[in-house]
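One chain is shown next in structure tokens, namely the form predicted alone.
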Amino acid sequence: MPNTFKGRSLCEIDDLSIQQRKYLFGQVARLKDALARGDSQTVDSFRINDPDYGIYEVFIEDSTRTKESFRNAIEFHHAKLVEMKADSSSFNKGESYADTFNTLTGYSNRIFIIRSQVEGVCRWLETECSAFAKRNGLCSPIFINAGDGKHEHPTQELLDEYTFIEDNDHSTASIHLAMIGDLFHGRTVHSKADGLMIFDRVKVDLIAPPELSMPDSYVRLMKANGYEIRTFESIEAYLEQDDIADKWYFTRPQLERMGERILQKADELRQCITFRKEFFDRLKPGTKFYHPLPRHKEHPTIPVWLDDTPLNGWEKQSINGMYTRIVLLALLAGKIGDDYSGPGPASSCLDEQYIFPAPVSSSKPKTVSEGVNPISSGLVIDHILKGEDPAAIRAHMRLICRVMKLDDLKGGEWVSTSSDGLYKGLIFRTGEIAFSPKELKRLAAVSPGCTLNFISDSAVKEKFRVKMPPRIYNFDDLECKNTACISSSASSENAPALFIRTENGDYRCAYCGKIHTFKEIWR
């Protein structure tokens, strides 16, 4: 069996399946045990041990723990460590990420560890640099996301999960986790929307004032993943009820990102998410506190007087960072992992059919809708947004006409009711009109659930029903609405928009993970 870890990138936590993460954590435990026992033979079995194996650290955003733990992990591996100074790089000359990393790939570098404010950059580079490597007969590079904007921090998620499991007597049966602090900006808590699926049962308590609350898209994702979710606006309000988590995960409030209005309320917001002495007696026995660090020296949400108490789980959490990253590098380099035989990440059903030819009646069509007579030649798009209100239907029909380039053709739009009394939209255009397969895909993406009729000689000659495509891409007018995304026009990186359908019938940006409705993906 091939090593399923070797050559993989880690752009999001879901790039490793639950079974693969459990295997990784087993290897972390084995490494820690070998180091504690002084078992040099086992320890050496983890090392890449190749001074020509190039690993690049590219930290465009400041970091201490992630950067230094990776640096120490690379030194453990006896590999070649290179650091790119972002402040003196060609980024400042307007060079794209793709051109920069294609150049570095040409120098036989194998792994790139990247931290950036641009969301989805590793996923884009995984595609772009692999194509460059293939064109030039090089090995495809590996990308590790060390934190991208407000999106994810998958290596932090790995060390967090390992620490939770270690403190859970190595059980993944259940977890009850309180997440406290800046849940709006915190990519470490966003990673947990998928990451905590490693536990069979998950209960999450979100504790933050409204200004710092978890974005709704991540709350929806957690619920879709089966988590039990509760929300509270402060620690004080949380402790007024009896069902208290035994694991608390604090994050630093990043108030500097939120403007003058929020800064004026800084003391009030910090009060909501800072642990105080009067709370101590209300905690469950065995409770542990965690924090991805750094703590603010003036306003720590976990006060320093807690350092020398059994609540302190954040110090071991930080130490585990180097061990998990040592094992991660060993797996992606193919040094270990040959004995893993479990599944990889679940793949989307990208070949699923979404355009369905429908039977055509031999009889001539009757009145299309109230006041709309049958047309002799052209097309009719029917059942648009069936069940929604007329104003929403009219607005969406305008979008359909623009996306499908129907505005310059004769015809009109109509809101009607179907036989069951629900509102629906109808667009008709006259003349000789045909849609290519690509145009049918556009229609399926912008108006899933509609029916398309092609009419000639006053009879329906061809009919299709469409539903949402499993993915949508390769259209110039698609755009992720997250301006921090690598595919946004604001980034000027020329990464084409790509959306994957979710189980809830939305579209998820393949780069930054932002959730859109099918109405929102068009420029």
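One rule holds for the numbers: they count along the sequence shown, beginning at 1. From a predicted model like this one, the values you see are computed outputs, not experimental measurements.
Another form, the form predicted together with a small molecule, is not on view; read the next lines as being about it.
Student: Would you please decide whether L293 lies within 4.5 angstroms of the small molecule in the model of the complex, comparing each non-hydrogen atom pair?
Tutor: Contact check for L293: yes, within 4.5 Å of the small molecule in the model of the complex.
Student: Examine T66 and determine whether its closest non-hydrogen atom to the small molecule in the model of the complex is within 4.5 angstroms.
Tutor: Close contact exists here: in the model of the complex, T66 approaches the small molecule to within 4.5 Å, heavy atoms only.
Student: Even though the small molecule is not shown here, does R123 get within 4.5 Å of it in the model of the complex, heavy atoms only?
Tutor: R123: no, not in contact with the small molecule in the model of the complex.
Student: Under a 4.5 Å heavy atom criterion, is T188 part of the interface with the small molecule in the model of the complex?
Tutor: T188: yes, in contact with the small molecule in the model of the complex.
Student: Let me know the one among K424, R115, R442, K192 whose heavy atoms come within 4.5 Å of the small molecule in the model of the complex, would you?
Tutor: The residue from K424, R115, R442, K192 that makes the contact is R115.
Student: What is the one choice in S447, Q156, T105, T324 with a heavy atom within 4.5 Å of the small molecule in the model of the complex?
Tutor: Contact with the small molecule in the model of the complex is made by Q156 alone.
Student: With the partner removed from view, which of 238 to 246, 180 to 188, 424 to 432, 198 to 206 is the stretch that lies within 4.5 Å of the small molecule in the model of the complex, judged by heavy atom distances?
Tutor: Of the stretches listed, the one contacting the partner is 180 to 188.
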